[in-house]
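Next comes just one chain, in structure tokens: the form predicted alone.
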């Protein structure tokens, strides 16, 4: 004895019972009764109709056995080194006091300032070009040739 399942409600359909509906694309739908067929043809969503099996499954109704809740694993924090600093360097930085950190910052600032000063003293100022050697002064517009030929 073959028992079919209702396409809309999920109920069992026993032999010689129910209706068969074949859509234009040859898909077969079986209904236990006219109520299910009517709701299907009205394009009702079985997930929103409380008495259907789909609704009951979605809303966890009628489950007699309480399945033990799955235990979620606690995340474990790991210390990892990053690019440019290994784990030991990071730990050393973390354990430094604020005074040592500020001292290092001041040392870095003074070093940068002295390097900048050295760079500026080494830089030779370019000599100014003589004004007459470059020829008559010409504006950018004149160089492009705009409105010059009228």
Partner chain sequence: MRTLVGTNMNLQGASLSSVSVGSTHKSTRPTRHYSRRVRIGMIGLKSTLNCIDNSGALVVECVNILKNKVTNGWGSVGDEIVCVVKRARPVSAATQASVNAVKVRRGDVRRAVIVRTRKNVRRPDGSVIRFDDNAAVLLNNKREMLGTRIGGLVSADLRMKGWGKIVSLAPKVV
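Everything numeric in this text was worked out from a predicted model, so none of it was measured. Numbering follows the first chain given and starts at 1.
We do not show the form predicted together with the partner chain, though everything after this point is about it.
- Partner proximity in the predicted complex, defined as non-hydrogen atoms within 4.5 angstroms of the partner chain, places exactly one of 23 to 31, 114 to 122, 48 to 56, 77 to 85 at the interface: 23 to 31.
- Mapping the unseen interface onto this chain, residue 12 falls outside it, with no heavy atom inside 4.5 Å of the partner chain in the predicted complex.
- The shortest heavy atom separation between residue 41 and the partner chain in the predicted complex is within 4.5 Å.
- Shown without its partner, the chain has 16 as the single residue in segment 2 to 16 with a non-hydrogen atom within 4.5 angstroms of the partner chain in the predicted complex.
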